[in-house]
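This document opens with one chain alone, in structure tokens, the form predicted on its own.
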């Protein structure tokens, strides 16, 4: 694959993962989702029309926003009221995302450092454009001669999302009430059998942010990225069944794979960020260097 072709394919990936920012997206037609005056999401038009029937929970659209009613004035009352609506929609409406119900709750707040205002079923967050947070770990090795390789996971063919595609060595969403470091250690142990004593050496290095939309709604996401240099003799093992195999690949091969359809898209972005931070992509020779940087850090 030529350098130009590689660059263009990677740029296409970043544009796809940020298509909510693109001309022609639904953004101008979405309604802000607000709680107690703070915006916490974006409600697509087809979802806003469904919420009209739940007047004891949601306000009528006003000034471009839908709000939870003021009587829902605590974390628990908001969470319970919205969950009741979602359970009803799950039974009555053909919403594809709710068929992937996980019984896993995500926190809802304007930004990560804010106190959560409520929690919401993970599978439903795209209906409200609520920002989702996760942790991704770049597991890599450096040989005695200085050659870098990266461990990649192959997702199980039974995964609800992106089955069979390449993934980071470990990754997972941030469930309500669970911290970043705890999630990192847990996912390393569960997915790749990486002992806590090794996982805890992972270094926080960046965040990768993007917003895309598809038929299931709006997906604003932010991934907390960690680099973990693994011992040369260590080999990840399949743990909880979410992964079917692990591969240790030269960094040149990993770079090549980024421009294929074999990578889970947001994991490809995490690896791209790794390549940039480790000076494996040169701004003197990469024509889309600035576009890459921008595409990895798009926030609403």
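Numbering follows the first chain given and starts at 1. Not measured: the values here are computed from a predicted model.
The following text describes the form predicted in complex with a further copy of the same chain, which does not appear among the structures shown.
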ask   = Pick from 156, 209, 79, 149: which residue has any heavy atom within 4.5 angstroms of a further copy of the same chain in the predicted bound form?
value = 209
query = Pick from 97-105, 174-182, 211-219, 139-147: which stretch has non-hydrogen atoms within 4.5 Å of a further copy of the same chain in the predicted bound form?
reply = 174-182
key: Interface membership of residue 276, a further copy of the same chain in the predicted bound form, 4.5 Å heavy atom rule   = yes
request  = Answer with yes or no whether residue 298 is in contact with a further copy of the same chain in the predicted bound form, where contact means some heavy atom within 4.5 Å.
outcome  = yes
ask   = For residue 162, is any heavy atom within 4.5 Å of a further copy of the same chain in the predicted bound form, or not?
value = no
ask   = Does residue 4 make contact with a further copy of the same chain in the predicted bound form, using a 4.5 Å heavy atom cut-off?
value = no
request  = Scan 26-65 and note down the residues that get a heavy atom within 4.5 Å of a further copy of the same chain in the predicted bound form; none is a fine answer too.
outcome  = none
